[in-house]
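One protein chain, two forms: both are listed below as structure tokens, the first as structure 1 and the second as structure 2.
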Structure 1
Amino acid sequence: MDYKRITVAGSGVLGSQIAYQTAFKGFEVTVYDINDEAIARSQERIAKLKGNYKKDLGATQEEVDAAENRISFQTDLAKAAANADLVIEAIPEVEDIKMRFYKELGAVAPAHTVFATNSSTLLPSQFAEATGRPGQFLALHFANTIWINNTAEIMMHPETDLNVFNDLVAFAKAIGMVALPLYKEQPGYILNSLLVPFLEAAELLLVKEVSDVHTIDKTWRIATGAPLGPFAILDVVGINTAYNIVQAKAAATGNPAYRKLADLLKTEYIDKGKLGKATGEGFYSYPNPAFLEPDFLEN
């Protein structure tokens, strides 16, 4: 099936980007959020996105205006869903909120409407029954700054209809994404299934005092040709996020290495305001981090 009318539910950071990107590619989009204040914030975000599309993609004023004009806003869920072929959900990453939302949406959306969640950490199977249409439900996961980092991970749960899955893959391509299909449910999708253990391995080498930040990053880069080492990547991800993951691991496993790592991230980085690239300092100092110096990869 060809999706023509798209509703994006939740118009925060990601929802506004998904709505604008979809409209930019020519689709009619309805944005749904819970109240007028949230809608006003989304309209401000979209106004800013127009500047990004001009600067980063070379879009013309006519193009960015036309995209904005294809978006309408709604605070009534039944009206927002009434004509939708596809509802993309980007509401808060809180299980109860999503559960309530899918029950309400399932009751008011037309029978043919497909639902897709942009959740980063919750699995579609958790909400499949609540939607009332498990075969027409799956994950469509975007990355922040969607117009540049244009990945779309499309992930089934055990009951997703294969035709719906294939239609979503085609839709993701139609809105300018590189479609990355996942045929089985996987926490963390592909990227975080690779990245989280990789970054954790590097952090454990540091906290066990096997080696230092520069040596670990150099090793990885020289041996694999990768443009960034794990600690440079951690600075982009942000030390808070790294800390939250390690802290949860420490609590769940009781492993002293994770505890020591969580304490190190807290006292040496978070408490000192070194949260990564966004704050100008993390494992490296910005805007001129040591790993960009010409002799970084030499002895």
Structure 2
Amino acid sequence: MDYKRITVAGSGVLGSQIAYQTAFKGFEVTVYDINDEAIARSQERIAKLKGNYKKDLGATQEEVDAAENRISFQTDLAKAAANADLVIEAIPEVEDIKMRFYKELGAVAPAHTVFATNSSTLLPSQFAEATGRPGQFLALHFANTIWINNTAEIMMHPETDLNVFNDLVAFAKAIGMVALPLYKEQPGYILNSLLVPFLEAAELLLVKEVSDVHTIDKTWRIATGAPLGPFAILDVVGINTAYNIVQAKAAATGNPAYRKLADLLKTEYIDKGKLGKATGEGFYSYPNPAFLEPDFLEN
């Protein structure tokens, strides 16, 4: 299929990035979210992305404006999906929310529309039947800061049509991604199979009071040469996402450490509006986080 009209469902940090990157590469994009407030926040994010593309990619003012003009916004799902060749879902990492969304989407989207989930940890087979079109459903997972960290993991489930899979690989390349095909389902794909346990280990060190945020990040960076520590990465990922993953793990395992960690993330960060870099504060304060200070890695 030659995709022309793309709908991105979910206008959070990554959803807005997916929408803008897709529009930047010449596609007509509709952004869907549940209310006007969410749409307004997405419009603000996209306005800021224009500056990033000029700074990081050398894009011209004309190019960034043209990309923005290729994006429309919608709070009515039926209207958002009405002409879509592809719907990319980037809604919260909560199984019940995604299940409900796909049942609603499957009922209103055209028969030819392909659905792709950007889920970080949940498998496409969990939602395939709810879509009403399992052969036209698969995963398309992006990394945050999409215009720089331009990976796209395309993962099929047992019922995905191979032609649909190959079409999505081609689409990922068309929007400037390095396409990474996965032919078998794997929770966490490649990136998060490596990243989530790493971030979780750091969070558990914190919640068990083994050490503090700065010391944990400092240890990792000095010992490995990495540019960011785990808590700086969590600020980029977003603390809501981290909370949803930990909350699900607490429910599944009954492990009190995960419950304590979920409570910490909610009460000390989410409830206080400290959601990460996107809100100006998370484990660090932005735009001048402590880990950028010249002496951060010193004793």
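These figures come from a predicted structure and were not determined experimentally. Counting starts at 1 with the first residue of structure 1 and goes up one by one along its sequence. C-alpha atoms forming the largest set that superposes within 1.5 Å between two forms make up the rigid core.
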**Prompt:** So which is the form predicted together with nicotinamide-adenine-dinucleotide here, 1 or 2?
**Reply:** 1
**Message:** Among Val213, Tyr189, Ile91, Leu105, which sits at the hinge where the C-alphas switch from fitting one rigid part better to fitting the other, between structure 1 and structure 2?
**Reply:** Tyr189
**Item:** Hinge rotation between structure 1 and structure 2 - smaller rigid part turning relative to the larger, in degrees
**Value:** 31
**Fill in**
Rigid core fixed, the Cα of Ser193 shifts between structure 1 and structure 2, in Å, by 3.1
**Item:** After superposing on the core, C-alpha shift for Ala252 between structure 1 and structure 2 in angstrom
**Value:** 7.9
